[in-house]
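Below, in structure tokens: the form predicted on its own, a single chain.
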């Protein structure tokens, strides 16, 4: 697993290799191992957006809304079908992950008014923790990290922990919360598009996620939310917008919430953004989550083998589980000079990962655009930067984005 010929052989046998040609890769020498933060751009995205601008917005003007009005639901259904094992009518592609997370968490705690405790993990993604802190402060609830009891209204975790790369047992933990009478909101941002999930089969209640990581839909692309059929009539989100109004264009006084997923939509969605999502998730649907997940497992296995052979002797250690069933598309490695190494990777090595405080570097394989040779070359360059101590030549960070 530590020879370039082996990586080339893996690429030759890779059933997903052809999808790399569907991405706009400007610098062929770049080792882009950052798909867990921002996926590469599909070439077709530019064509789709250009066509929308020229043949829809420019020509149809406001009459185009007759075609666009329900697009948040249809694109949401595509995301659910392609990556979440979710039947139609339980998804929306709207807003941001943070907005959707706030909406569903508020709805969940309000649906359990006699319970005063919310559980999360201190390793959870910062925005999720901050939003939960705010919700608990506003409602006089306790935010804790402890075992379930009959006072817990809500539990929220990430499907994959953003820093360590640990994959949670979604079905098991959801059922534990349900048995205790609590609701569970999952953040699948680091899992969607790379980890095969089965929300309907596993009886998931509520979930949110982004589309710009392994979803390859672009920076700031619309997020999504999932509300199972059985929960839709029980919950009401705190922001009552006109898209959720029963007779939307009557413009009547007083809020009369419509039924189904439309009742969870606040306002006008980003049509341009959703076209990017449609392009990318249609590719994911064509490729199949099973094949994508298999390549993610193989690619991260290659990363671990290269780490053990090359990086471990240089003071690196692995944070991510070695069992492929307990990780997604990225691994995290530790090094006492991780920030300098990460910066040197970009400046000197033409390798892009990302640094996370205090001492972690995250390295991802995005199975559709990333080749095995790209992974191999990236790790070889990291090794050489440390062996030669070239990484010590970096000065101040070139960007506040790490």
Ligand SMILES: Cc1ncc(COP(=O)(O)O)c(C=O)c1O
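Positions refer to the first chain, counted from 1. Computed from a predicted model, the values in this text were never measured in an experiment.
Quick note: we don't show the form predicted in complex with this ligand, though the next part is all about it.
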Stretch in contact in the predicted bound form with this ligand, which is absent here, among 72-80, 193-201, 172-180, 120-128 (heavy atoms within 4.5 Å): 120-128
Interface residue in the predicted bound form among 320, 90, 189, 300, criterion: non-hydrogen atom within 4.5 angstroms of this ligand: 189
Contacting member of 236, 98, 246, 268, with respect to this ligand in the predicted bound form [4.5 Å, heavy atom]: 98
This ligand contact at residue 213 in the predicted bound form, heavy atom, 4.5 Å: yes
is_contact(residue 228, this ligand) in the predicted bound form, heavy atom dist at most 4.5 Å: no
Partner proximity in the predicted bound form: residue 164 to this ligand, non-hydrogen atom cutoff 4.5 Å: no
Residue 279, heavy atom within 4.5 angstroms of this ligand in the predicted bound form: no
Residues of 138-160 having any heavy atom within 4.5 Å of this ligand in the predicted bound form, listed in sequence order: 158
